[in-house]
Structures are given as C-alpha cells and as structure tokens.
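Before any questions on how it binds or moves, here is one chain, the form predicted on its own, in structure tokens.
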C-alpha cells in the first residue's frame, strides 16, 4: 500500500511539472533565433531584417532570406538556413538584447527598415505570469491533501472509518435455498430471522434476542454463506467485514473503526453485522508478551464495550464466524455478547448429497450420474470441496468436448481433489514402478483382511499430486464420529502394510513408506498421550495444551508436565503399538504371499484396480483353495 501511494505521488509531481512547463511555453513569446547585437547591426547594414519590434530591453523582428545567408556565412555554418527553415517554416524570427545605441533609428531609416515601439508588459500581464503558476501549485497541493490526508475515501483522516462492505436488502440474493447440509444451524438461525422481521413478537413477552451469534466450524463448511442467507431471508442490510479490517499501523485506528461500525449499524437498523475470521480480532488477551499486540487488545476492548452499549431492540444483530473458537477471549464469548454458539459442522451423507444437488443445478448431468453415490464417495468433505468437485467435473467434460457431465468425470474429479493432479508424464523406471505396485497392493490386502477398517475403493500406481507415486483409496460405508482402540490398531496395520510388502518382495525397504510411518506413529502417540489407551500407563492423558478444534496443528507441544521417566515410558508404549501393528500386517501378507504377487502383477499391467475387481481376485483365490 505504501509503495502504491509513493508511486501515485511521483506521478502527480511529474504531471505538475509537465503542466507548469506547458503553461510557461504557452505564455512565453514565440520562438526566435537569438543573435548578438553586433550581428544585428550587420544585419541592418545588409538589409537582412524587417518589421522590428523595439522595447526598452530587446529588439525582435523578421529575419529575411538575405539575413539567413549572412548569418550562415558569419557563423560558418551551412546547415543554419535549413535549421531555421525547419524550426520556423512560416516566418523566421530573431531576437537580440538591446544596447544603448543613439544611431540605431537613423540607420533603420536609412535602410528603409520598418520598425515600431512596443510597450512593456502591463502590470496585469506581469502579475499573471507568476500568479497563474502559483495558483496551479496551490490547486495541486489541495488535491494532494484531499487524496492523501483528507477525510475522503482513502485519505489519511479516513483511517478511522469502518471498512465494512454494506449490502442492502435488494442486493442480497442468497437465501436458505442456496444452503444445504446445515439443517441444525438453519433451525437455530430462524429465530434470528423472525426477530428481525417481527421484533414486537418477542418484546411483548419480555424476551431478548441474543446480541451476538457465533458460527463455529471447520473451514469451508459455509459459515459466511449461512450468514448472508440469514440477511437475505430477513430482508435487512448486511454489513460484512473481517477481523483483520480493524488492524492498522496507526494507534487507536482499530477502536475508532469499531465505534464507526456500530454507529453505521444503528443508522441502518434493522441490520446484520457480520465479522468473518473473528479470531484475528478476538484472540485472548495477555497470552503474548509482545507489546505490539497492545493495539489489538485495545480494539478488542472497544468491541466488548460497544457490544455492551448497543440496544438489540433497534434490530442490530452481530454475527461472527471462526474456525478457532478455543483461542477467543472468554469475555467475548460470555453470555450477553456472543452468547449463542452455532456449530456448522461437516455435512452428513444426506447433507453432502443436498450440497451436490445445489452446486449441480446449472450443470448438464448425464443419465448415469448418481449424486447419492458421489456423496457416499466423499466422506469428510465440506461444501467448498464438493463445489470444487462439481466444477472440476464440468471442466473435464468441457475439455473432452462432451455435451454432458458423466459419472466418470465426477470420479476423476474426486481423485483430483483427494490425491492431486494425475501426472502420466512422470515416467518411473520399471524397478520403481514395481516397488510402488507391491507397496499399494500391501495396503489393499491388509485392508481387505481386517474387518474394522474401511473397504478399498480404488488402488492406483499413477503418480498424482506433489509426491504421491500411487495411492490406495478407502471409503467408509457410513459416517463415523468415534474410533475404538481396535479400529485404530487395524488402521495402523493398513498404513504399515505397504512397507511390509516391500520387505517381503524385495528383502529391503524404500523411502516410499515415509508418510505411512509418520501417520502410524501419530496415531500411536495420540492413543498413548491423549486417549489413555495404554495398558501400562493407564487411563491418563499427557496432552497439556489444548489443540485446535477444527484445524490441524503441525507444531509439537511446547511444554510437558510429566517427568522424563514418564516420557521414556510413553516412547516405549508408542513403539510397542507401532511394532504390534507392523507384526500384524506382516502375518497377514506372509500368509497371502501368492495373492500379493498375483494382485501386484495385475496392478502393474492395469495401473488402476477398482475395489470390486480386487475383491473378485481375492474370491477367485479363495475358491481355488476350496
């Protein structure tokens, strides 16, 4: 922003000097050839000048062709006539500084040269010669002040104004028809809509509407869309801004913007104030020793004060959205401020189907597209993921010059979102491709052998994304919210199945299992430290810090409140759980060594193996044994 302002100032200054130069050129006398006074006297003797204008300080007039030739010879410059002709095509002129010469007029009369006396510039002309540039300078200065330091939009004095974008009731086209998968949140918000439409109904019974409604949930679940739908259903103005809009480099600006925001809301009541990413503004006070956070805390204090001071009977409702509620200041989320918290969670199976139906309204679907099947194949995805899948499928169909979007397009779009972009141009040598095939087959066989893990949907050895050389996709048969100890142990065994398969086939392991080891170790550590699933340590938790509810933290805990002996015991328990899962995966694959070889060879030939085809291969092997 500072660089942009600096560039604008530079352009303005440059424009000022150009305008000043143009004014000076316009007000100045016409251009003329400057000659010395001695040359002028010789020109008079040779009759090379005519139509002279004599003032107190200068002599100017017309330069005749004879005079041009004389000057060219005098100056020994053959190009002089051409230069004069080029510059003054119509009428060459000259000028010289007048000196004391009593015989000048007599010589002019003798040579028959016309001359006239010209009065000096009047006081008005002299005044305008410096007043006009001064007025121009003052005008540009005033313009600069208004743009940079004034109270208008973008001016320095406007930094205390609220940056909220105001959408009037006729500009909001979003309603609950455009929202799906959040039925519980919709029911909670219908009361807010009813109050905005008919506040007297609640006031007659002495009821008070909540001052603040906070929407919490993972990213992409539609919190902002839901807030806009509330404003669209209620038919009231919608003031939208983010928590970072209050932050500025000047002290006191954030608090001033909060005051201005609530003042505007009172004028436009009934209306909705929506603050997105509230955690940027409402982070708990006192948790950071840095003095730079004092301004943010002052802004938060002003927000708390304004929320206590305004009257909800005027119809002003504050809504906010965040995916980090655990770090918000307790004073902000107490009753009387943001006293109603509405969870906007990941959609269920039916919710995903409804969301897909909304996003596919303007898409030409083929007869084979089943949105229910697509919803079942996208567990854990939020509204933004599903919208991306529909858009990717439409783009793929258009790229192939199809008239409709087919089920195959949706399948490929899901693979793109989940595993990344397919990279068929990345050529692997036969040895690496064989390692990847056995690795993914190991995952698939262990998953099919264990009863508590999700069934295999697809196995592929086509490179995708940044570093995935292959993948084994498992899809749950139903939405799950809890995991048992046995399920976690079996999930670790599936993750380690790829490394075990490499070891059985090659007699050594590769670097391809790095991510599997990371995830399996993470599950084991969580079982011991967080879930109390260690038989030796008992039902204890060793996780001191509160983890984000909806975001994954990549940073390790900064402190621990247990002894070094306990830490060593935790490490041993984690290693024991991982080793147990590894031995279990090895037992399964060692007993199915022939199946491992056969399925891996099929995968090498086809590159992609669907779950149904995998199970058919396994059933054929069982039938042969029977």
Ligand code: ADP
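Residue numbers count along the first chain shown, from 1. Small disclaimer: the values here were computed from a predicted structure and weren't measured.
This protein has a second form, the form predicted in complex with the named molecule, left out of what is shown; the following refers to that one.
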Quiz item: Of 103-111, 326-334, 221-229, 408-416, which is the one stretch near the named molecule in the predicted complex, taking non-hydrogen atoms within 4.5 angstroms as near?
Solution: 221-229
Exercise. Considering only heavy atoms, tell me if residue 179 and the named molecule come within 4.5 Å of each other in the predicted complex.
Key: yes
Quiz item: Counting only non-hydrogen atoms and a 4.5 angstroms cut-off, does residue 387 reach the named molecule in the predicted complex?
Solution: yes
Quiz item: Contact between residue 383 and the named molecule in the predicted complex at 4.5 Å, heavy atoms?
Solution: yes
Quiz item: According to a 4.5 angstroms non-hydrogen atom cut-off, is residue 525 in contact with the named molecule in the predicted complex?
Solution: no
Exercise. Please pick, from 436, 355, 496, 445, the one residue with any non-hydrogen atom lying within 4.5 angstroms of the named molecule in the predicted complex.
Key: 355
Quiz item: Out of 359, 485, 341, 259, which one falls within 4.5 Å of the named molecule in the predicted complex, going by heavy atoms?
Solution: 359
